[in-house]
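Okay, so we've got the same protein chain twice, two forms, each given alone as C-alpha cells, structure 1 and structure 2.
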Structure 1
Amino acid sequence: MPNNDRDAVITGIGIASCLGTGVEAHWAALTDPAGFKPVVDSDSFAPAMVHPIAALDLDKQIPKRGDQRQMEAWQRIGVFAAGLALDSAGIKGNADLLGKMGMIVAAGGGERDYAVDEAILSGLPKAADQGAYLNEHLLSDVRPTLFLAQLSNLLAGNISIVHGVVGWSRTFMGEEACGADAVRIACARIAAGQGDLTLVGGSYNAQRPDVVLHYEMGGASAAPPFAGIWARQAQGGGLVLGSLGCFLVIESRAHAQARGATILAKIASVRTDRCRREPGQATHNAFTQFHAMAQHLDQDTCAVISGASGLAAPTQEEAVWLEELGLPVRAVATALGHCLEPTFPASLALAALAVRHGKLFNPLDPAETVMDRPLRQALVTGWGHWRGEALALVTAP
C-alpha cells in the first residue's frame, strides 16, 4: 500500500498492565527467552482470577499529590498511561502541540459504594417485595455525588488537567466496541483532513469487588487454575479480567514527518461493526472486514493479534475463523487479561511493537506457533465478549 500524507500513523505508545509500565517492559516480558510467564492473582478475589496492575510510580506522570488523591484507580491508571504515550511521542510539555491535540477516551464508570452494595444484596433475598425494596434503597442509599464522581469523561478531564491536552475531546462508552470505534474515528478524522494529532485510549481497573462480582454472577468468569485463552476453552472458557491503561498517539504522516517524530507503525485500515451474535453473524462481520482490507495483506509477513476475551461462544467462533485465515496468532488476553474498553488500543499497541521490531513475540498459549519469518503486518481483531466486532491492519511505517 503506497504511503500518503493523510496516513494514520502511531507515533507514541503508553501502556501499563500486569507486565509492567512502558513499551520496553512489555516487549521484554513478551520476548523472554525462557518463554512467557503470566502474571495472575488467584487469591485476592478467589475463586475469580485477575491480572493485577504493576506498581505505578505515579509521581512521574501525575506530579501533584492532590491530583493523585482526587482520582480513583481507573483514572490514575489512565492518566499515567496517557503521560507515557505523550512521552513516547515526544509531545509531553509542548504547549503548541498539546493545544491542538484532540483526545478520544474509551472508558466505563468508576468505583461503587461497596458498603451500600453489600447491604442491598444482603437484604434483597429477605425482602417481601424485592422491586419495592430495590427502589427504596437505590433512592435513599446511593449518593448522587458518588455517581457524579464516577463519570467516564472525568478521565478525559483529568488528562487535560494533568497533561494539558486541550484541543478537543470525546468520551465513548460501550465496552470493547467503544475502544475500537475510538481508534476508527481518530483515523477517519485524519483521513478526512479534520485533524492531525489525537490521543486515543482508555483504562480499566479489574481489581474491584463490584466488577468481579458482576462477571461471577453472569457466569462469565474463568474457573481456576489459570490457562491461556485457547487452552481455557477445554475448561469451559471464561474471562480473566486485567487492569490496564493504554493510550496511542495517532497522527497524520505529514504532521509526524514535519515535526521529526519517529513513526512506529501505520494503521492501514480499521473497521468496526456489531450484530446480535446469532450463529455465524460475528464471522460474517469479520470476513466482510477482512475482505475490505485483503488487497493490502501480505500473507507471508502477517500475523494476527487477537483480542479474544476467552468467553466460550465468541472465542470459539473466532478460533474457527482464524484457523481459516491460516496466519500465526497471539491472543493478548492471555498476557494482559481481558480489559474491556482499552482492549483494542492495547492490542494495537502490541501489534505496533511487533511490527516495529519486525518479529512476532513468543507464543502465549500451547496452541500458538512460533513465527520464524519477518513480521511486517499484523491483523488486530477485537471481538467483544458480548457485542461488537472490529478488525485493523497495522503495517510497517
Structure 2
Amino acid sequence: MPNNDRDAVITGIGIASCLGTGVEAHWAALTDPAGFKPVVDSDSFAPAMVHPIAALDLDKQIPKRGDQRQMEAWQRIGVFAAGLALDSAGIKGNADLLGKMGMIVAAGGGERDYAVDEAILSGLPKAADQGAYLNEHLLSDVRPTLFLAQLSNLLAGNISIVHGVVGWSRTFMGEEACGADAVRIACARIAAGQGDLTLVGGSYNAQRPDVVLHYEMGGASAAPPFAGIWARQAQGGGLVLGSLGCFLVIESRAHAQARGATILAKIASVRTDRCRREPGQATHNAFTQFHAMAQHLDQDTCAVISGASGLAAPTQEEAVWLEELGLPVRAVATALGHCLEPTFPASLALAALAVRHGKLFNPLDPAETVMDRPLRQALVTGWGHWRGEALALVTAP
C-alpha cells in the first residue's frame, strides 16, 4: 500500500458569493429542486452586469469594527471567507496551528476613492497648473490609510491581523492564473514536506467602477440580457464579473488525521501552464495536463467543473475540448460570475462540495446535462480569460 501521508487534502472551505455565505447556502442554491436561478445586478453598472456579493454578517468573522473600517470591500469579503474556511477546518482561534499555518493569497488590487477621482478629473482641465492641482487634491482629499486597503498583499496582512495566520505569507498576482498557481504551489509544498497546513484563496469585488471599466477597455464585458456561459456564446460571449471570496484549508493527510480533522476531498493532481493563446495552444496544454493525471481518473464517476470565463475565444476553445472528454460539465461562472484571482479556488471548492455530497449539482445552462450516477471525482478547469491554463483532479478522500 502506497504511503499517502503527503496527499494534499481539503479540510476547510470558506466561500461567499452572490449565492450566499458558506458551503450550505451554496449547495442549496446549486441543488434547488426548482432549478438554478442566477443572481444578477443588471442596473448598477449598466450595460455591464455583475453578480453582487450576498449580505455578509461581518461581525461574525471580523469582530473588531476598527478592523472592518481599515479595509475596503475586497478585503472584507476575503477576510470573511478566510474566517469561514478556518471555522470549517476547526482551526479558528487555535494559536498553535495558526502560528505555523502558511497562506498563499491570490489577489489583485484594492478599491479607490471614486468620488476623489471624479472630482480631480472634473477639476483638472480647468486648473492653471495641472500637476500642482493633482498633487494638492491627492494630498488633501485621499484618506491616509486608503493605501493599505489598496495594496495587493494587504488581504494577506489583514488575515494575519484578524485571524492570526502568521506561519508564513505570500501573495500571488496575475488574474486567474495566480489563483491556480497558489493551489499548485500549496500542494507541491505539502507533497515535498515543505509545509503541512496552508490557507489558499482570494477575493474579488466586482462591484467597483474601476474593474468594470478595465474589462470594458478590453472589450471583454458581456452584453445584456444575462445568459449562462455557454448560452452567452450565441450573443458574442463576454465576462459577467462576480464578487466572491473563497479560501480552502489544504493540509497533508497525515497532519489532518493526527488532529482528527474531517477530510472533505483530496486534490489528486493540479497542473498549470501558459501559452501565447495561438489557436490550439491552450487545448494542447489542457490535453497534456489531462494525460498527466489520467491514471487517477474514473470516467464513470467524474464530472467537469469548468472555470470558463465566458469570453468568446477561450470559452469556445474549451467547449470543444470538453466535448472530446465527454463528461458532464458545469461552468460555474454562470452562477458565481467570473471572479479573476479566486476563480480557481472557488471552482475547487464547488468540486469538493460535489465530491462530498457524492453527486453533481443542477445544470446551470441549457447546454449542461443532468448527471444521475454518483460522482466521486471532479476535473476542475481554469483557463484564464487572457492567459494561463490549469487543471486539477479532486477526488473523494
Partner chain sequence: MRSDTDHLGRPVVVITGMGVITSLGQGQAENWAALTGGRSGIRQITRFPTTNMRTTIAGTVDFIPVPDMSAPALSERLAELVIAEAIAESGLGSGGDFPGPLFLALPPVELEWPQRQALALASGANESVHYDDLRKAARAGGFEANYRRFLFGSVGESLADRFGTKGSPIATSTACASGGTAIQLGVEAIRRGEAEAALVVGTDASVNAESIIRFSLLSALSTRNDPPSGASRPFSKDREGFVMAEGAGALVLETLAHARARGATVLGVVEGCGEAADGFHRTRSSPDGKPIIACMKHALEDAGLAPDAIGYINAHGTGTPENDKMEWVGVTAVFGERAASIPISSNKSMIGHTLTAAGAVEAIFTVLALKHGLLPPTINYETPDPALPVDCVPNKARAAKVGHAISNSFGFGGQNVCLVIGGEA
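Each residue is numbered by where it sits in the sequence of structure 1, with counting from 1. Whichever C-alpha set is largest while still superposing within 1.5 Å between the two forms counts as the rigid core. Note that this is a predicted model, so its numbers are computed, not measured.
- Note on provenance: structure 2 matches the form predicted together with the partner chain.
- Relative to the superposed rigid core, I120 undergoes a CA displacement of at least 2 Å between the two structures.
- With the core superposed, Q130 shows a C-alpha displacement of at least 2 Å between the two structures.
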